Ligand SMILES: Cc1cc2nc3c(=O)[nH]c(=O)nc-3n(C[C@H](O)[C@H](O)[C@H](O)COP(=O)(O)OP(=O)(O)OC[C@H]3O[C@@H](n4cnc5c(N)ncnc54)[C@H](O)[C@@H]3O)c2cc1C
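In structure tokens, the next block holds one chain alone, the form predicted on its own.
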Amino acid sequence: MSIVIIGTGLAGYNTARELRKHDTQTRLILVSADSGRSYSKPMLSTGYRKQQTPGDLVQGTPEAMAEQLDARIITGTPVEAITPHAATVTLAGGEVLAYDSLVLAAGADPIAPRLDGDAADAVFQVNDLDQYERFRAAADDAHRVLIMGGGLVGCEFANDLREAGCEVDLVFPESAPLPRLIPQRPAEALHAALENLGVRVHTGVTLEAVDAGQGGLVGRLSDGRELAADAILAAIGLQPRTGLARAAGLAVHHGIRVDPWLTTSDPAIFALGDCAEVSGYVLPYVLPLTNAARALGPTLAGQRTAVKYPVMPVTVKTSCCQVVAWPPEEGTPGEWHFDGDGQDLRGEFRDAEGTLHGFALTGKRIRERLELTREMPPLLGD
């Protein structure tokens, strides 16, 4: 028996750990296109204010992880192809790995911005430790940082960099931050908190071009304004990595389609994490990934286990105004009801019968997350 896992992020390593709780004998191979170091991805956007270097975030070297998991770990080696009928994986360089079970834990790619200008290629994106290390090498000497994107990652980095003493410009096209996660009123509270921290927030505009300027970079906005920066970070969303799966003939929609047992359209291939679409849900957050790994570990060991998704509220680590939220599904009938003032808000999205379908908490009201989470039905499973 041989199990191959593609990916050494949280999804890949957590699955390997869960497998080893149930099966210590099966041959296990993990393949990574990057350095294969174990780390917690959510910690990337809090490293500056905690004065942590990229090295401080490493929880295990690939050598240590190989010993811990009794596994072979192949790093710096992209996978070129999956051949389901032969049950093999072909690596860059030509090595072919046979598998009895294959796990796709390949994650997602940051969406690349479309920019004009002679320094467009100087823009950084951060979605893993290797990318973060390159960003830090440039940004540690930066005094002015321009961030594209008002979502979770953009807001967390803006908060983190500003607390570390950087001048920060945050640019996004929506009218308020976290547009996919929270409604207008708590979004305005976060907006105000970021500005009170000293972040310069530019709403309703996009970054159009980046040019080399005297002593740094110049970003040109869609309204014609120019912003000087020493480093620019794009955080405008993620795209699940589905190319290998699609080329192998697996079912792909928004992500790699899997059932509650995390099985793809090929019964020997599984997927989880940011690259997977689990029974219609694409949830690029830590808690869904952790639940999936806990189910997949015993399944790979022969104890078929379905994943269960309770409501898993998203925590935004903006220390100036923390946010915990679970948005209602798009198209759900109902309306928002708010309680509180200033930064301390509780929002509930309820239908005409009073059923809770979503919530948003900010500031001190995040302490009430458990009460609201318990009131909501699970997404998947009992």
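A residue's number is simply how far along the shown sequence it sits, counting from 1. Here the structure is a predicted model, which is why all the values come from computation and not from measurement.
What comes next is about the form predicted together with the named molecule, which is not displayed.
- The named molecule in the predicted complex comes within 4.5 Å of a heavy atom belonging to A108.
- The named molecule is not drawn, but in the predicted complex it has a heavy atom within 4.5 Å of P42.
- Not displayed here, the named molecule is kept clear of A301 by more than 4.5 Å at the level of heavy atoms in the predicted complex.
- Contact annotation: R49 falls outside 4.5 Å of the named molecule in the predicted complex, judged by heavy atom distances.
- Proximity to the named molecule in the predicted complex, taken as a non-hydrogen atom within 4.5 angstroms, holds for one residue of T263, N291, S279, N127, which is N127.
- Listed residues L244, A87, V311, A164 were compared with the named molecule in the predicted complex; L244 is the one with a heavy atom within 4.5 Å.
- In plain terms, the part of the chain that comes close to the named molecule in the predicted complex, with a heavy atom within 4.5 Å, is 72-80 out of 190-198, 134-142, 169-177, 72-80.
- Taken together, the three residues K21, L102 and A271 lack any non-hydrogen atom within 4.5 angstroms of the named molecule in the predicted complex.
- For the partner-free chain shown, nothing in 335-350 comes within 4.5 angstroms of the named molecule in the predicted complex, judged by any non-hydrogen atom.
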